[in-house]
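A single chain, nothing else alongside it, follows as structure tokens in the form predicted alone.
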């Protein structure tokens, strides 16, 4: 399984924020893609209505998930393909290993897949003596470096050209170079050898179509087509929510996905795959396996507060505008899903208490919702997660994080609801603040548990006379 390090969010976030190279790379990405996506949305011929239609299509699919998945499985099986429904990530991995043993697989080439990152497939294949090679250039770079992806569509955004040049010189045995075309050619040469020797191709699934019985992949490099056609076995890993009812929905969603992901009108390669090679086909695998993964998604589906999150098409548009992600990068989140989408999905998949800092670390600025091609209300769900942390929730196994914090907000609500109590509290606070260390008429340090407010800033003290008292004094003087 994949390593989960969500408990280290604060330390990793501080590390990312202190890295000027990372911040510069993220700022460049967000300036290009974030602003470009907004412009692409404005140029849509259908206007804002297309995004509303896309959300309705996704919600319709989620509402009829059981029927659509059964229809997809039936059509793929009718063409000679195999479909396996995995409740847990471990079951998906075990199924893959069983197929590998059956076909004598020693080398697998992989197209980009967030689901395989989620279940830690590469580590399990390696432990079984099977070499798994990432073929997306960004994924290939981070695999050579022994790292994890830091962005959903730009996995190596945290690496500089110098770092990649040194990495390729060390791992691929080429002369050191910082020239991107030279580095790309070196990766292509190394990967072509793997493609031609691979026993199995593994890919993810951007969307599946119940109407036609196909899974669909999208890329800008074409590597997934090599992984899905050259090896004798092709295995697809798909989150159970990644399905729509009709073929026409694909056109709409892929147009929006390309705009949200990279400010493009359409990605370079879109492939529809419905099973193994058929009689008369010139290429394609001899065996086709689709693994449909639950791994906690059914629980999200059953909760009206969070099922909207299953509409996500993993375009990364929210990462490309998020001010928090833009400062700390993807590794801070401690799980394959980062940024605003990760701040909601990860706690729901690995445990809300375990990943509590992720949903508490977002700003609630709303930029993610404006950028989302299917208008997912991420801020609402972040607040819902925070509410569960404040009050606890047995259904999700959430324990209240802080009784003191809860008591403080209950007290604040009482004070805010009574003008008399509020005035008395402010007078008491104005007197008490005289005991705090100050500098140039500013409060330099607050006592615990409020010390965090003054860790990086000074606070202006409360006025000696409240606005209400001043108003009354001025009113009497007239």
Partner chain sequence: MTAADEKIFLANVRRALGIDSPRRAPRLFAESPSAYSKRLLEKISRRTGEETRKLIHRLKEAAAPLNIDLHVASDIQTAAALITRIAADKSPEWADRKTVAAWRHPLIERLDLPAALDAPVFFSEPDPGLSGEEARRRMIEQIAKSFIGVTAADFCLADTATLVLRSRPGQARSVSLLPSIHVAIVEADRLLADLAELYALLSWDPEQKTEGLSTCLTLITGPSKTADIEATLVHGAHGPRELHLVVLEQNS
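No experiment lies behind these values; they were computed from the predicted model shown. Positions refer to the first chain, counted from 1.
The following text describes the form predicted in complex with its partner chain, which does not appear among the structures shown.
- Only one of 386, 380, 277, 406 comes within 4.5 Å of its partner chain in the model of the complex through a heavy atom, and that residue is 277.
- Checking 357, 294, 393, 305 against its partner chain in the model of the complex, a heavy atom within 4.5 Å turns up for just one residue: 294.
- Taken together, the three residues 7, 31 and 460 lack any non-hydrogen atom within 4.5 angstroms of its partner chain in the model of the complex.
- Picking from 342-350, 237-245, 366-374, 394-402 the stretch near its partner chain in the model of the complex, with a 4.5 Å limit on heavy atoms, gives 237-245.
- Its partner chain in the model of the complex comes within 4.5 Å of no heavy atom belonging to residue 148.
- Though the partner is left out of this view, residue 135 does reach within 4.5 Å of its partner chain in the model of the complex, counting heavy atoms only.
- Interface residue remark: residue 160 is counted as part of the site for its partner chain in the model of the complex, having a heavy atom within 4.5 Å.
- Remark: residue 170 does not count among the residues lining its partner chain in the model of the complex, judged by a heavy atom distance of 4.5 Å or less.
- In the model of the complex, the residues of 276-291 lying within 4.5 Å of its partner chain by at least one heavy atom are, in order, 276, 277, 278, 280, 281, 282, 283, 284, 285, 286.
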